[in-house]
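Shown next are two forms of a single protein chain, provided one at a time as structure tokens under the names structure 1 and structure 2.
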Structure 1
Amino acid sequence: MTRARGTDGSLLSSLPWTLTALAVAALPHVPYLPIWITAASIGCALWRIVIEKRRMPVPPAWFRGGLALGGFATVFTTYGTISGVGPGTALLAIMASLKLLEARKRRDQFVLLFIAIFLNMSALLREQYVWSLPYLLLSLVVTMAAWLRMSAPAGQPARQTMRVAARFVGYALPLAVAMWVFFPRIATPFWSVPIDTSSGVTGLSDTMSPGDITSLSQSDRVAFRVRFDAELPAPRDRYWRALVLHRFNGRTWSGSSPVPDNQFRERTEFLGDPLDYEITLEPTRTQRLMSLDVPESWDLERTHVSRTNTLWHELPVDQRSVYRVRSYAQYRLDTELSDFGKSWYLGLPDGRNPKARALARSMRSDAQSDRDYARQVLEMFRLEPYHYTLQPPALGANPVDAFLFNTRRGFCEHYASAFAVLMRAAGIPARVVLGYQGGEINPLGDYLIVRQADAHAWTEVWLDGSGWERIDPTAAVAPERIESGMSGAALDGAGAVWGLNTPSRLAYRLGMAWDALNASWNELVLAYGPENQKRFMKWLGFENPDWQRLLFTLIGTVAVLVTIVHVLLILRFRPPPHDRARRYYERFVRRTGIEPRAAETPLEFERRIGETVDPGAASRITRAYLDARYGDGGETALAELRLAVRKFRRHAPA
């Protein structure tokens, strides 16, 4: 027997719903997918509609198999792998498109809707924006509606289907919230999904090579947000320390892997008033944590301070993290430094940047002290024609010499590198610090926004009797970079393009409102990790919220919620209560000993049982019942019905 390859049109009513569910689920992935996948998906959807409308046969198996192999090979060629969010979603989109071309039965549509659900979930692996949750709920409602539409009766309004689907999703929401709140969070995920990034952004790396950078593109992506317990520190004190570089090979600065330093309090003298603040750090996929100079205490577990007074976590920061820090803007650090320690911060490669070495020796011989020499170098940057620019010219084999004597144009990395080399060449220990400087105040949320564009480099020099001191040569060349920051200048002059100030102010306010909403979303939802879960459980009264208590709490909460939903469903779908006339009539039916037939009316039931029971009594009861329930008999007919049923006795035939 030959299997029919054509379609019978049975999917025509539900197919548009399935295609809509797939389109809504795939929409967040479209900006990240190659254009050919989007075009192929649209083409397959239109082709499938034509097949169903014209009752055409679906493409043969060999053709679909060739398309599958071609799609797999093209994805591998495009991404270079089949692992990760990008290749995975691309393969899901191709799978859905090819499944459309072979769908003949309802079960094939079920598979397509399962793929839609996977597409919904995989969108959260890239980013969880504040609009992700409502969009996800909408997509689930559409998917559930497509599911219901496959078995909906003909003529059912689309509004009713959507309403039922939304109700089903609403029943599941309390259970999802309970699972999210109480399921034990772990610091290390069970698995790791490679996240593809389509473009690089301004930020921090583990090395610094000013001579290799010819331009610096700005990024307004948020690096972290900060809430201070008291007043914000002045811009000159907003140096967010991340890592310290001490090795220099003539072109590139690099550092060492951090190790815990349990003696940092003994070698640090904290002065002045402390600064207490809370940081919401975006994922960095590194072990680095941000803090103001210099950190004294923190509350994030598995976090240590290094010998260079930078905070670092034992594991890479793969999710938003919230932690509190106490720092001091005034301090003395390492007032005593051994000869071995000094050697770490004096090394320069032989034969590289000879002009800078000669300049350092000459200037140091004319200076009265190390501090006076450092001041003279800053004065040189300030008074001579050095310029701050984000598009510096390329440098040669000796980048410091080329910068100091030829180009004289650069940004913070150029000035920090050149200053550190000049210090070391004069016998003064120096190192480069990478981090962020400044930040933009959001008046709506009363917190500080530090963006990737605020990434900064400065130097620290060791002076006898004072220890390590921060010196930022960029401040000598471009003091507005320190006082205003990079992110604060992003909207500066935006209104001038229009000839007005209003667009700039309006854009600023809208941007701040949107960021305040995102900040609340990040703090309450996305940063809900192990630490925040412990805080929340302690707020609920759990002194020791270990994973066993969390699981028992989760099981109990889910049981209560399931019971509540079950009761609500029972109350919603319970049969309507019978009125008194109905109850009296049902008592009469039971006394006859005869079961009514399906859809049998009282008059039909009376005629059928006429030969079995007293026909006169049956007639009186039926007329009284109809009059009491559907007529105008009221209480009189109801009393007559009650009396007739009470007197009724089954009459055996003679």
Structure 2
Amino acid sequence: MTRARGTDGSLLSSLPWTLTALAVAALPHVPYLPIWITAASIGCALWRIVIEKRRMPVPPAWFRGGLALGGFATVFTTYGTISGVGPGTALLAIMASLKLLEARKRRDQFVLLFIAIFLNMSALLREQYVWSLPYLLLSLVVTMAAWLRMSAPAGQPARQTMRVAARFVGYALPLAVAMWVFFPRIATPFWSVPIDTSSGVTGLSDTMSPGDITSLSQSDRVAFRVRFDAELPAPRDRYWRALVLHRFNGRTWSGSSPVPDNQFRERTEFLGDPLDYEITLEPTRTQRLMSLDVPESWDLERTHVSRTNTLWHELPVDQRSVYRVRSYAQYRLDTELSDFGKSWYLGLPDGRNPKARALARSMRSDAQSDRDYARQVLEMFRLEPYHYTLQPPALGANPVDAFLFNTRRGFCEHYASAFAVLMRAAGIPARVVLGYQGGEINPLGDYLIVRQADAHAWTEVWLDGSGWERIDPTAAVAPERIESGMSGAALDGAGAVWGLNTPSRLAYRLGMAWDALNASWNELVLAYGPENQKRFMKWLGFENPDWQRLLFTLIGTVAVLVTIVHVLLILRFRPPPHDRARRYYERFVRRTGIEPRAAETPLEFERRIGETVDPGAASRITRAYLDARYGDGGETALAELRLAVRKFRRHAPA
């Protein structure tokens, strides 16, 4: 065994390319990776360059092994696991950096570039934006160029390498598109990689505890986008129903797991004109699906409506999904409600919020009817000094009491909760609905953007004769919130923080244009899941596209595309006629059975064999061959030659 000596500098010319490819592939991960990984990667890259430049030996194996173990351990302690996208890419990045320290041969560079491709791919597991695909393509071209660079002749211009690399990626592109279109998409792929959940999802939670939150964390992240077939409903009618909470323990509202309700049409009266629209829902990681109050029909499979008229999917929505819904803005829900049913929506924990219950009782006795009582409560919110704020004070053990009588400051959740409690205390069934309210119209795309900041809570009250009726107490306190569709954040003056009321018109327009681009991208590309695939296949004429058929189509398409690329390559690198002519002529010479002499020209050969074979044929073949190989006969002469040679048979000896 020889001891490792200094490197021979053979990688010096291609190393910068490999490093660039790795850097480009790793860049999308950098914001997610612990900073020490990025630092270590840069350190290793610099170290490697110095090693190569100074012809220094690579660090010894025990040292590299130690570093690898250390890197592994650090990743494990950072994440507490090694599975998942975060720790996976962290491991990949740190190991690629360490691999740099032992890369000595071209083979090691191949490994590095493979890792670069893996890094590229895993970036898509994190988040996909409009620019993800162009960036991925660019990164692939760079990786491909680094690959080519390993065997490129010295002094080849970088631009040429890039051009060849781009051409290779271009050849692969139709295949990628075919794979994307036809690869059978399954709702729960068994190879499903755990999506990176470390980035917290803001928005709706399953429960609501108004007293606990002292500052509502809102964001301008898009919750979903909606495209209406016809006119948009007015802002005050844009209530996006997500889930209904009916259980209250004095502090927290919660709901129950959704159950499919197949009889919902019997207990729901749909009135007025339908509203048809298409929702592009960002992944919620929950089963909830948003729909306009209240949904009547939808086109998403494995989706049901619950007893509380919310849409839900059998599986958590982990992918961006597109679905169409028909809703009715006017409706009557559950005009008949059994006593058992009422008891669900009347429960209040004993001994909690006593002041509120007392207030409810006294107000109800003063009111003429349930409806009148509800109106009076709203009046109370409007007339007395209740304030809308996103930074309410904490409320303590009896949050409703504290809110109603002490702080009087809160946002939608506080008002919805207090209102529902006041209703229930007066014997009126009431429940809290969580969802979104309003949304921003994108004039460029002509669709509605509903952001997490538009999350909202309101109440539904069951009134004898008319069923569940939506009453939004927030509207009494902050009517602008509801009437104009302004998000709560904007109302609070805090919107500027996340750019909701951007000062500049240009910036606004740019923002909207960008969102429109994102929306189209999402609808067309990223939302291409099982549902859209099925729809697209139907459009293509597949009556019943099951996965076998898709797979066959895919294999067929790939075969056709590979053949096309193959033929194109053959044509592109097809030998010129004069080279192909040679092959036919040699066949002819073999068939004559006469050995040509050294340096015998075709004409001399023809003269010599004149008597032994059909002289006409020999002359035709020789002329055509000379024309095709040495003259300007080209393809015509070649075809003539081919035909003549095919016909040529040596005369049987007499």
Partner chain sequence: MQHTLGAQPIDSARAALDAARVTLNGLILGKDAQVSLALSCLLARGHLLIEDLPGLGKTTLAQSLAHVLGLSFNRVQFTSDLLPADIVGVSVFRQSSGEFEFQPGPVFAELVLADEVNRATPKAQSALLEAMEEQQVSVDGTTRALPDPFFVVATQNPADQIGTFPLPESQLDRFLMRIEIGYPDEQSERELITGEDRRAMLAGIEPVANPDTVTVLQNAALGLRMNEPLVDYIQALVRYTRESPDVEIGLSPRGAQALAAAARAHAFVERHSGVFPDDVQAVFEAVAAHRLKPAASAALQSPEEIARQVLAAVAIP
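Remember, predicted model here, so these are calculated numbers, not experimental data. Residues are numbered by position in structure 1's sequence, first residue being 1. For clarity, a rigid core is taken as the largest C-alpha set superposing within 1.5 Å between two forms.
Of the two copies shown, the second one, structure 2, is the form predicted in complex with its partner chain. Positional change of residue 584 between structure 1 and structure 2 reaches 2 Å or more at the C-alpha, relative to the superposed core.
Superposed on the core, the two forms barely differ at residue 43: its CA moves less than 2 Å between structure 1 and structure 2.
Relative to the superposed core, residue 624 undergoes a Cα shift of 2 Å or more between structure 1 and structure 2. Here the two forms are laid over each other by their core, and the C-alpha of residue 643 is off by 23.2 Å between structure 1 and structure 2.
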